[in-house]
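The chain below stands alone, shown as structure tokens; this is the form predicted on its own.
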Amino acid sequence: MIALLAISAFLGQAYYTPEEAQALFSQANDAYYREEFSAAIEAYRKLIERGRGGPDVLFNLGTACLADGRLGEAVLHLERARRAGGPSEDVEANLAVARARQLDQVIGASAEEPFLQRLAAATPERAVSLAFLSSWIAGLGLLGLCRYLRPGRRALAAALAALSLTAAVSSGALVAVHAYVSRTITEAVVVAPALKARELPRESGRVSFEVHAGLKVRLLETAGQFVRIRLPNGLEGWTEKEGVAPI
């Protein structure tokens, strides 16, 4: 399923006029429906390169890559769409299709991600930040207004201020969760068809295991052209940096 993108989403973008951006998006969608997936992928990428990588564009790009058999790229862009607040049901459905096609069905993988990571994934960062800012401003504004109101209305304003500030505390905690997850957890997707994971960050290192396109991993550290990855089951190894792409 391909998502539709409103013309208003392109207002103010720097490289295309809104009409040009909408025309390119429509061309990409038309190419997808004609099953000209390479052309659709190229058009969606142009939009992203010009700063228009919104959730719908990312979702459509991931969907086109999935249809074209580019499993690693499909998972990468669908995961990015999910983080950007894309159509959740469609994203999850396409990710399920992609996971079913993966060669790596990791044995011993955790049933679910850590709680803070799941919490961050379930709450769009932009919406959380806006909720924090608006509730904090509303709470302080109502408190300042109390001094100018009559006693009856002052009590109502104070109650509303308390509710707003309580919401600000809750949303502020979510902002802190997003900041913690983004700083301490870096996830990536294997985009190369196959990658060897070694015990040491060099070509002569003994191969411990192999991973394939579409597998989501965690990035731990880098050393030159190598990066240490951790699989969902905790297995770790060094592999080529170019073969994985951060989400």
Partner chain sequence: MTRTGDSALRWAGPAAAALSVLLSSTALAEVELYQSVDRNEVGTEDTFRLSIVVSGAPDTAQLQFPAPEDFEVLSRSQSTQMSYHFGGGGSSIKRVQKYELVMRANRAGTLTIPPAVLTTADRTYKTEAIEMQVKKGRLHTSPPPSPRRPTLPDPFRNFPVPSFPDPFGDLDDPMGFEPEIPRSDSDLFLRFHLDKEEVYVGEQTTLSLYIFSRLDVSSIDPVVMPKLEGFWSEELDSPSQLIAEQKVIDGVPYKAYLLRRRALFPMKPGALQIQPAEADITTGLMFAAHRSHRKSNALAVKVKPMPPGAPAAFSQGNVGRWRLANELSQTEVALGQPITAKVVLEGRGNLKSVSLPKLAAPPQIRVYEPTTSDKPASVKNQLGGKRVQEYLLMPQQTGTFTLPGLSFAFFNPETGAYEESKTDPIQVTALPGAGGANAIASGGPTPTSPDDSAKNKLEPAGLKPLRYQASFAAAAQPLWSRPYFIPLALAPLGLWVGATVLAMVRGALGREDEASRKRKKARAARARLAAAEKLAQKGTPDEFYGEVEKALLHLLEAKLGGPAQGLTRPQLDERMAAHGVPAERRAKVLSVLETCEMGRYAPGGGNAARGRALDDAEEAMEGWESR
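Numbering follows the first chain given and starts at 1. Not measured: the values here are computed from a predicted model.
Only in words, not in the display: the form predicted in complex with its partner chain, which the text now covers.
Partner-contacting position among L47, L195, V189, I41 - heavy atom within 4.5 Å of its partner chain in the model of the complex: Of L47, L195, V189, I41, the residue with a heavy atom within 4.5 Å of its partner chain in the model of the complex is L47.
In the model of the complex, A67 touching its partner chain (heavy atom, 4.5 Å): Because a heavy atom of A67 falls inside 4.5 Å of its partner chain in the model of the complex, the answer is yes.
T166 within 4.5 Å of its partner chain in the model of the complex, heavy atoms: Contact with its partner chain, no.
Can you check whether R52 is within 4.5 Å of its partner chain in the model of the complex, heavy atom basis? Looking in the model of the complex, residue contacts with its partner chain include R52, since a heavy atom lies within 4.5 Å.
Is R147 a contact residue for its partner chain in the model of the complex, using a 4.5 Å heavy atom cut-off? Judged by the heavy-atom cut-off of 4.5 Å, R147 is in contact with its partner chain in the model of the complex.
Every residue in E73, I185 and R202 with a non-hydrogen atom within 4.5 Å of its partner chain in the model of the complex? No: no residue has a heavy atom within 4.5 Å of the partner.
Taking its partner chain in the model of the complex, which residues of 121-144 have any heavy atom within 4.5 Å of it? Result: E125, R126, S129, L130, F132, L133, W136, I137, L140, L143, G144.
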